[in-house]
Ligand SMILES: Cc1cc2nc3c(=O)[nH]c(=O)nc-3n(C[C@H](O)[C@H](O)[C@H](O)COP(=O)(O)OP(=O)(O)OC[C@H]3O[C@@H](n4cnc5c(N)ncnc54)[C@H](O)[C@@H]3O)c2cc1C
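We begin with a single chain expressed as structure tokens, specifically the form predicted alone.
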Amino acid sequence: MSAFREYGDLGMNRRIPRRDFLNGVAIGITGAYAAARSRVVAAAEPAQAPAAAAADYPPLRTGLRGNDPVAIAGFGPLGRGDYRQFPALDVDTREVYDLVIVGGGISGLAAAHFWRRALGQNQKILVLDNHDDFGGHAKRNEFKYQGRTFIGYGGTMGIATPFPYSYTAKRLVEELGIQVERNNEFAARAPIQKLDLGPGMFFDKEHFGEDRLVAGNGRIPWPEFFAKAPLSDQARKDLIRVYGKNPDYLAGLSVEAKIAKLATMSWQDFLVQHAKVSSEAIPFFMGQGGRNNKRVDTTPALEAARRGSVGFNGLGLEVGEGFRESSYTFHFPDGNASLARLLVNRLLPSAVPGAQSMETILQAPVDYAKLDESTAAMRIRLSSTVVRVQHAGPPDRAKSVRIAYLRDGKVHGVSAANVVLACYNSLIPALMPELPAKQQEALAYSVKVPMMYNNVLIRRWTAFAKLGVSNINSPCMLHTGTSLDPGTTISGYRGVTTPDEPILVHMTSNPNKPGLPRKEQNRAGQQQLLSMTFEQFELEIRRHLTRMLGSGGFDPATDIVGLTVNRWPYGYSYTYDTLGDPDVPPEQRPHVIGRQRFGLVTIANSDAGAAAFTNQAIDEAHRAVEELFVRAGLT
């Protein structure tokens, strides 16, 4: 098929809002595709412009979101050391604050809340964030179609953790009026349950010889499932065996010795070396792994065993992850963007007016013009990339801190008596090169986990219903997860009811490079996301959905009516594991060394807790604020 025809068949010329960014890198699309694209667009009607309201309302902006090129444009010069010396200011705002917070995500907003709760609403606080919306990874996506608004999450989804929430995190969630125990009242799963839809797996031709979607993994007997899959006889035999009752592959070792051995190998190595699974069967596991988007080759076998993964049930080890608060599985249709909105409502009632609660916040009006009013004590300044933070004098004696940030192409400056860096750990050494060398090294230790949370609005989901699936794993493709997002019936917003109505399809990706150590895989995934344009992401998504759902009648040219790519090359916080990180006492962990207060500056965000959870972001915000209070003798 010619590139020109494929573009037309996939609907690349259709009238959905698009924003194509070159991002300062070479485009990977071939000349033939690029030429075809230009011909198709020229022959079509002009692309539909985003709704006028999108200019003033970021959630309506589509195309490339998340860490979009504009938001991270300052990272390159920052990393090169262009701001090692405090820069000359194009605009000296002459603003002086009690507290400046770098980063407007959950941690930054929580820090502002904790500060004001302790010291009062007259405290002058400024939050600076490089994105055009607040919330950080708690990203909200909206689509308007046929007179209806569809709301999805483009990042952090749930108020959930495998560990108990701290008192501080629990109190904040409750203080914001979120009653997580009511989750079942709002979850809109009935339509999917009524149709008995469930999981499926897509086997791609590049790794399995042909494209085939097979429904029922985990629901029907594994021999029956594998009989339908395009696998070699050896791979099918191996998979049926390990998905059954396994022998003790480490027989003769004590439980303690087994644990020690499993901690030093990956799940993949265990499967190949001990369970004797053939290399032909390994692609089946490639989309699986542990927390924080570890894959089969980077997940410690011990972690996989304790989680109850395949291959370990004969070892006689305890299975389970310990205590889990089942009530903390609540999420809004926009994920934790509603939690961020509730925080902004408490900080700036004029921007999110009214006494907002969990039952009203989803559709509450947000006036972005009110976030940064000159007369307000509390201000949130978006599209402002901080590039330098420096004490006005020796850190141990300084009375203030200078902050330089980029906004509208100019260097602006403000001053503060205190600073909380609620931004990425890896950026902090460049923001403050005067930090001690050991602390800089510790801050640079972690490598953010790259990820994408993409939302595709389709006009109907009959193809999913026909194929009997609601969520699909594609283990070897860029997007490993595809799922229907039926929504949550809350705050006047309703979820879907029938397959003939529009729905958001959520597609997740954790790009990596199998075979490398986990940190190197993260770096490779980051570069992959940074090198791709929105057009390339769109083309990949359309092809993927067509290959996967085409047999159910899915037509990308007519069925896709909206698309937002939430690209996060700097996504989840790095977490430690027994394969790639040294086993040291907690106080020697890099995140603990890295988050130490430096003069009038403290460090928050989930990186400072080495855990990619909302409660960790809240806890680190509280700790950072408390450290400033202790320094000032306020506790």
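For every residue, the number given is its place in the sequence shown, counted from 1. These figures come from a predicted structure and were not determined experimentally.
Keep in mind that the form predicted together with the ligand is not shown, yet the notes after this line are about it.
Asker: From the list L563, L545, M451, A301, which entry has a heavy atom within 4.5 Å of the ligand in the predicted complex?
Answerer: Flagged contact: M451.
Asker: Counting non-hydrogen atoms within 4.5 angstroms of the ligand in the predicted complex, say which of T482, S266, N130, N418 makes the cut.
Answerer: The residue in contact is N130.
Asker: At 4.5 Å between heavy atoms, is A422 in contact with the ligand in the predicted complex?
Answerer: Yes, contact at 4.5 Å.
Asker: With heavy atoms only and a cut-off of 4.5 Å, decide whether T602 touches the ligand in the predicted complex.
Answerer: T602: no, not in contact with the ligand in the predicted complex.
Asker: Tell me, yes or no, whether L10 is in contact with the ligand in the predicted complex, where a contact means a heavy atom of each within 4.5 Å.
Answerer: It does not: once the ligand is placed as it appears in the predicted complex, L10 has no heavy atom within 4.5 Å of it.
Asker: Is there a heavy atom of G158 lying 4.5 Å or less from a heavy atom of the ligand in the predicted complex?
Answerer: Yes, G158 sits close enough to the ligand in the predicted complex that at least one of its heavy atoms falls within 4.5 Å.
Asker: Given the ligand in the predicted complex, answer whether the residues G104, H137 and S606 all have a heavy atom inside 4.5 Å of it.
Answerer: Yes, each of G104, H137 and S606 comes within 4.5 Å of the ligand in the predicted complex.
Asker: Specify the contacting stretch among 167 to 175, 149 to 157, 341 to 349, 212 to 220, defined as having any heavy atom within 4.5 Å of the ligand in the predicted complex.
Answerer: Single hit among the candidates: 149 to 157.
Asker: Of 363 to 387, which residues get within 4.5 Å of the ligand in the predicted complex if you count heavy atoms?
Answerer: Going through 363 to 387 in order - heavy atoms within 4.5 Å of the ligand in the predicted complex - the hits are S384, T385, V386.
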